[in-house]
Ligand code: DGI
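Presented below, as structure tokens, is a lone chain in the form predicted on its own.
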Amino acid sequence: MNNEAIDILRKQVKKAFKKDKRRYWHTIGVANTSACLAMRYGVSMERAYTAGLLHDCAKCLTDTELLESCKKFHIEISDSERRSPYLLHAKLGGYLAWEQYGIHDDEICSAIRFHTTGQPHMTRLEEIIFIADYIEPFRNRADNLDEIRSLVFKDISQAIYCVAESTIEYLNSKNKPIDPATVRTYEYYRKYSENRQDA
């Protein structure tokens, strides 16, 4: 890895989260987890670590700022995002990674953009950032974390199915809006899981 470039990026992220140390350590956890999964699945560690470092780069903005920034930069806002603007940090984060942090890598920016909802046919890097955000070491709330952490090193697609299913169940239980992209992710990886069981 280009340690000098990574160190500069890490310092920029730390500065952005100077008022939210918990978010900074979550970010470090995602970056480290992403690098581990990159080694397991034959993906560039540097690209995975970079995407992990920047996955929440827009998370320090308020809901109002997220909405205003997305309008300013012509980023599409769905109905569920309008009702829950915090979801927009992923889309805006992909944009800021390119424009503000100079990460001119389409796949890295896409991995950031889809790290909360996922999408069907994710690239391996996109899958890594999606799952790393859920399982990084500082996470401790989900009931199935130990199961997912074990499973992800054996079958990342199956782990994504379990995470998508848990996410939808949780949002339904709290009567919160579910982004259609999350549903599409769940349906795609559910089919993978069913095909795997039939094999």
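Predicted model, so just to flag it, every value in this text is computed and none were measured. In this text, residue numbers run from 1 along the sequence as written.
Below, we refer to the form predicted together with ligand DGI, which is not included among the displayed structures.
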{"property": "Residue among 109, 87, 125, 92 with a heavy atom within 4.5 Å of ligand DGI in the model of the complex", "result": "87"}
{"property": "Residue stretch of 45 to 53, 142 to 150, 164 to 172, 64 to 72 approaching ligand DGI in the model of the complex, non-hydrogen atom distance within 4.5 Å", "result": "164 to 172"}
{"property": "Residue 10, heavy atom within 4.5 angstroms of ligand DGI in the model of the complex", "result": "no"}
{"property": "is_contact(residue 184, ligand DGI) in the model of the complex, heavy atom dist at most 4.5 Å", "result": "no"}
{"property": "Output flag, 26, 116 and 177 jointly within 4.5 Å of ligand DGI in the model of the complex, heavy atom basis", "result": "yes"}
{"property": "Sequence-ordered list of residues in 68 to 83 near ligand DGI in the model of the complex, where near means a heavy atom within 4.5 Å", "result": "none"}
